[in-house]
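Let's start with one chain on its own, the form predicted alone, as structure tokens.
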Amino acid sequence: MSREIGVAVVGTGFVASMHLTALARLPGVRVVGVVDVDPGRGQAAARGAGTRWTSSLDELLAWPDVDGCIVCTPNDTHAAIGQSIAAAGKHLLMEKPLTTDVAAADSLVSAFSARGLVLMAAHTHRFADYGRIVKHTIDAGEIGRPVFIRLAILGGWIWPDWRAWVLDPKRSGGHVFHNGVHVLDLATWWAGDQPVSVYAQGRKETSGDLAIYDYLSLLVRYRSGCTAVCEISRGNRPRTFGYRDVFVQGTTGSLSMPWDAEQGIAFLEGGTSLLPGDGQVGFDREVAAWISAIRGETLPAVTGEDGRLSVAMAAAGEASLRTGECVTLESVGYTLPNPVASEGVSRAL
């Protein structure tokens, strides 16, 4: 596909603005419209992007110049919107999580596969510089096979107020679905292995009245015996606090990444080695990878199957929070894909 690619953005909140900015930087791509149920937000986004807007998804999907959609709406809408996009024959980049339950993820992956359409899950941290550096180092065999991963992303409260939809577990799926998928997906991509179970613990740091846990600790066990310990927080104090911790122990070496830098350090038999970094936040690369897959130049960098796996891990995490037990992915309805589909779990960018 050498012609211009027409992209529509569904939902016009903060994350949508990041995608719109990334689209504006890509040659051969045009934003053909946005859709939002809020006229004020929809019109404002359209003016900023120099495009048209509508409040009707059906109307937008009927526009002949729409080749693909980027969906940036609340989590509980993803399954239905995704099915409408598949039925309209459009490609899709879906903000995380792909859906909020495994059965819906199965159905969505099947719908796009049956029509030969690109479905890509927007796990942006895979495209950030630090995520790519760690993956490249592991795939190059510099530290051997991972046996232990620690990943923590901790920060202060980022949601505007008590009306935010992310605080309602019926809409967000819970914090494991909304932000936990970041660390679950990234650790699994680094491990290059099949997760078996998740054990989760949570705390309500901001207020005991929260309906979700704003701090999570997630322990993932993999088929090979590798273990990942992941933390995600949006309730640290002070509010301006930001911290990231990365450590991977391999069979022949280890690597760590300081919290205040994009560069990491590999500890090898021959001594230490600095890993490169340029601080790229990821949205530009993510959107470019999706467009490349639409053009048929590459396979999707994050497949629908990858998104389905993250949904299963999140579902297991939420079940673990409710029961206090370690929960297997099989018990939440996840079945292993065929070997061809499962290659998406470990694909390098």
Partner chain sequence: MPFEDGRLGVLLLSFASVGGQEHQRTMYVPVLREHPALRLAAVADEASAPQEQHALNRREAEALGLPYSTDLDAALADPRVDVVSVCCPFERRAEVIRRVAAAGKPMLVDKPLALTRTDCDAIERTVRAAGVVCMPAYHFRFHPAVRSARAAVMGGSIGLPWGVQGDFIIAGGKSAWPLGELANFGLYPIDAIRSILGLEVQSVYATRGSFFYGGDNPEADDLSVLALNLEHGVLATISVGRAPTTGHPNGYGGDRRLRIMGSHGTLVVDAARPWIQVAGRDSHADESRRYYGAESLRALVDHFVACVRGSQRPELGPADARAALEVILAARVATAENRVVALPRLADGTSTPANPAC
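Residue numbers count along the first chain shown, from 1. As the structure is a prediction and not an experimental result, all values here were calculated from the model.
As for the form predicted together with the partner chain, it is not shown, yet the points below apply to it.
With the partner omitted from this view, the residue of K170, R203, H136, R115 that lies near the partner chain in the predicted bound form is R203 [heavy atom within 4.5 Å]. Only one of G131, P195, G82, G235 comes within 4.5 Å of the partner chain in the predicted bound form through a heavy atom, and that residue is G235. Contact check at 4.5 Å (heavy atoms) against the partner chain in the predicted bound form: none of V10, G13 and W159 pass. Shown alone here, G324 lies within 4.5 Å of the partner chain in the predicted bound form, counting heavy atoms only.
Taking the partner from elsewhere, T251 is found to have a heavy atom lying within 4.5 Å of the partner chain in the predicted bound form. Proximity of R150 to the partner chain in the predicted bound form falls within the 4.5 Å heavy atom cutoff. Taking the partner from the other structure, the partner chain in the predicted bound form has no heavy atom within 4.5 Å of any heavy atom of S107.
Picking from 116-124, 67-75, 89-97, 195-203 the stretch near the partner chain in the predicted bound form, with a 4.5 Å limit on heavy atoms, gives 195-203.
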